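Shown here is one chain on its own, the form predicted on its own, set out as C-alpha cells.
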C-alpha cells in the first residue's frame, strides 16, 4: 500500500506527525513551491526566499535519509500551480492508495484539503499537528463556557500542565507574570549584540535569483539575506540568543531604537513557525539558562510567556473562531491603507523607521508591530481586511493562524474584546518614552495640536471620541474618557479639526 505524505512550507520538522510511520519502500513525500501559496498575497521577497530555501534544504535532508521524494520547484515547467493538482498528479503516477497530511496552519488550506478525498477518490488522513503544546481540542475545552478568553489564565494552565518554571504547584518566584519589570527604555550607552547571520549557500543563492525574477513586483528588499535555512542553523540562532541576549531580553523587550531593528529579541519566530525549531525545546533551553543562573527570572518568564502562552493561545483562538473571525470589525473601521505602508515615505519618523526596517528585513519586533504600526492603524481607523493582508505580506514569520488574532484582536480590537480587554491605543508620549524615534522626527511630540504636533497626539483623542459609544463603558478606559469628558468644547473641536486635516491629506496621498 503506497501512501503519499505532503509537507507544507511551515512543516519542516522531521518529527512531523505525517512522517512518523513512513515506509521507506512504498511511501512518497511531496513538497512543492506552488503559485497559489506563493502569490495568494504578494509576500515579502525575503519571506519567499527564506521559505523556498528552507524547503529545499529540508527536502535534501529527507532524500539523504532515504525518503522517496518529489520536489516541485516554482519555475519547473511541469509545476501544476496548486497543492491539490500536484497531489493529484503524483497519486496517478505512483498509484497512491492513501494521503497523509499534518493539520495545516491556515483555514483556507484546511477547507481545500477536506475536499480532496471526495474529489480524488483516495483516502485522506489529516493528523493533529502535535508540534504545538496545546491541541485544538484542549484549547476548545479550556475555552468552553468562559465569558472571557484571557491569555493570562490560559498561560497559567499551560505552565502547570507542562511544569515549566514551576516549583511544585507554584510558579517560580511566587509570581506568574513579570511583565511590569519588562518596560525599560534602552540606555544610551548600551548596544545590542548583532543578530546571528549566515552566508547564503548555493541553494539559497539559486532561490534568491528565482525570487528576484519571479517576484520582482513584491514588497520588500532581497539583498543582505542572512536567515537560517536549516535546523542546524536555527539551533545556532537559539543558542546565541540564550547566551548573548536573553539576559537583557526582559528589561528591554519593549524598547525601540533607531537603526537597531533586532535589539535583544530572539529572532526565532521565523524558525518556530516553519518547523525548524519546536516550542518545547526553546522553552526548555530558556528555563535551563535560568536554573543555571545565566538569565534573570523576568527575562526567562517573559520569553516563555511569548512561546508557551501567547503563541499557543492565538493559534487556539484562531481555530476556535474561524471562519467568522476573519470578518470581525467591531469598530466599523473603513480607512484604506496609506501609501507610506508600502513606500515608507512619511514624516512620522517612528512609522518610517519601523516600515523601512520591515521592508529591509521582513521583520520588526512585537512592540514595533503593535505600538507603532498597529497603533497607527487603530487610531486611523484602517479596515481590518487591509491591515491583516499587509501584516501577512510583510513579515517572514507571518501565517494566518498567528497573524490574524494579533491584528484583528490585539491591534485593531476588531473582535470587540474577545482577545484583549482594551484597545492598545497610545499617544506620542508612549512612543517617546519607549524609543528615540521622536528625536529625529519632523513633528514635535510635545505639541498636542497644530501642524507641527505629533499626529499620534490628536489622533489618540479623536479615536476615543469617535468610538465613545462602543468604548466609553470599558472599565480599562475610564481614566482617558474622564479626561476627554473634561476637555473644553474648543479643545475637542481642535482635536477633530486636526484629525480631519490629517485624514484628508491621507486620502489625497499627500506626505504626512
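All values derive from a computational prediction rather than experimental measurement. Positions refer to the first chain, counted from 1.
The same protein also has a form predicted together with a small molecule, omitted here; what follows describes it.
Checked against the small molecule in the model of the complex, the candidates 247, 122, 149, 370 yield a single residue with a heavy atom inside 4.5 Å, and that residue is 370. Contact annotation: of the candidates 135, 273, 233, 329, the single residue with a non-hydrogen atom within 4.5 angstroms of the small molecule in the model of the complex is 273.
The candidate stretches are 354-362, 203-211, 286-294, 404-412, and the one lying within 4.5 Å of the small molecule in the model of the complex by heavy atoms is 404-412. In the model of the complex, residue 399 approaches the small molecule with a heavy atom inside 4.5 Å.
Residue 391 belongs to the set of residues with a heavy atom inside 4.5 Å of the small molecule in the model of the complex. By the criterion of a heavy atom within 4.5 Å, residue 127 is excluded from the residues contacting the small molecule in the model of the complex. Contact check for residue 311: a heavy atom falls within 4.5 Å of the small molecule in the model of the complex.
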